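A single chain comes next, written as structure tokens; it is the form predicted alone.
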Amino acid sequence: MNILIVGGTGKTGRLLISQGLEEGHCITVMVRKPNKLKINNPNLKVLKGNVLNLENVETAVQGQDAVLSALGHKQFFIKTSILSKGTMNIIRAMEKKEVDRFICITSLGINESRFRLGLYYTLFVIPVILFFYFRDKSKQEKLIAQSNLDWTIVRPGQLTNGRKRTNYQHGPNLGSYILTKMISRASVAHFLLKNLTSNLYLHKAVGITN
């Protein structure tokens, strides 16, 4: 399968690339700084581009079977709309190029999963540290849900650098109002790739935790 990965230089994005290549997919990655990726593989194509540039995104989307988004940004304390604007460009490009399958990582604690990332995140981390980031993620999810794509939104718990597991939990009502549930980035990458050919969570937002 031809797959475009956006956000490929992040920790989860890199795992998506490596696991996707291991599964035999042809991977295209669009990044602002291609020299950040040190992976050499004949099935990997690295394009220089910015998700905020619609023309760049259209070029990257052309000829793909699916798009996986692991977009993130580090400006947690600054009012920003990188995720929502970038996702809007992905949606426009996919609809124009007639690429239907879109799977996007967001987080538990957003929209109808509000409060399900545990008390620590609900009472402190989200309102004090990640307020603008989570607000932008909420906009991102709404844009995806309003699109004409075959979308799936994946909401992981707190991400860790643990090993890949395949016996993780997934479903629409996961998480906890009290405890912060966790999941490894490697397991999240496995789940995204697994759902490329599954309709189980088509047009749905799904949680994933250990």
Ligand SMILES: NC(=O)c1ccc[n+]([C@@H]2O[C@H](COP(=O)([O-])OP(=O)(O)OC[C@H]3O[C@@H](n4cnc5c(N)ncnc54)[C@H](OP(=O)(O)O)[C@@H]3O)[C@@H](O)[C@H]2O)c1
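Numbering starts at 1 and runs along the sequence shown. Computed from a predicted model, the values in this text were never measured in an experiment.
The discussion below concerns the form predicted in complex with the ligand, not included here.
Across the proposed site, 12, 133 and 185 without exception bring a heavy atom within 4.5 Å of the ligand in the model of the complex.
For the chain shown alone, residue 52 is a contact residue for the ligand in the model of the complex, at least one non-hydrogen atom being within 4.5 angstroms. Remark: residue 207 does not count among the residues lining the ligand in the model of the complex, judged by a heavy atom distance of 4.5 Å or less. Contact between residue 82 and the ligand in the model of the complex is found at the 4.5 Å heavy atom cutoff. Not displayed here, the ligand is approached by residue 159 to within 4.5 Å at the level of heavy atoms in the model of the complex. You can rule out all but one of 38-46, 145-153, 170-178, 63-71: in the model of the complex, only 63-71 has residues with a heavy atom within 4.5 Å of the ligand.
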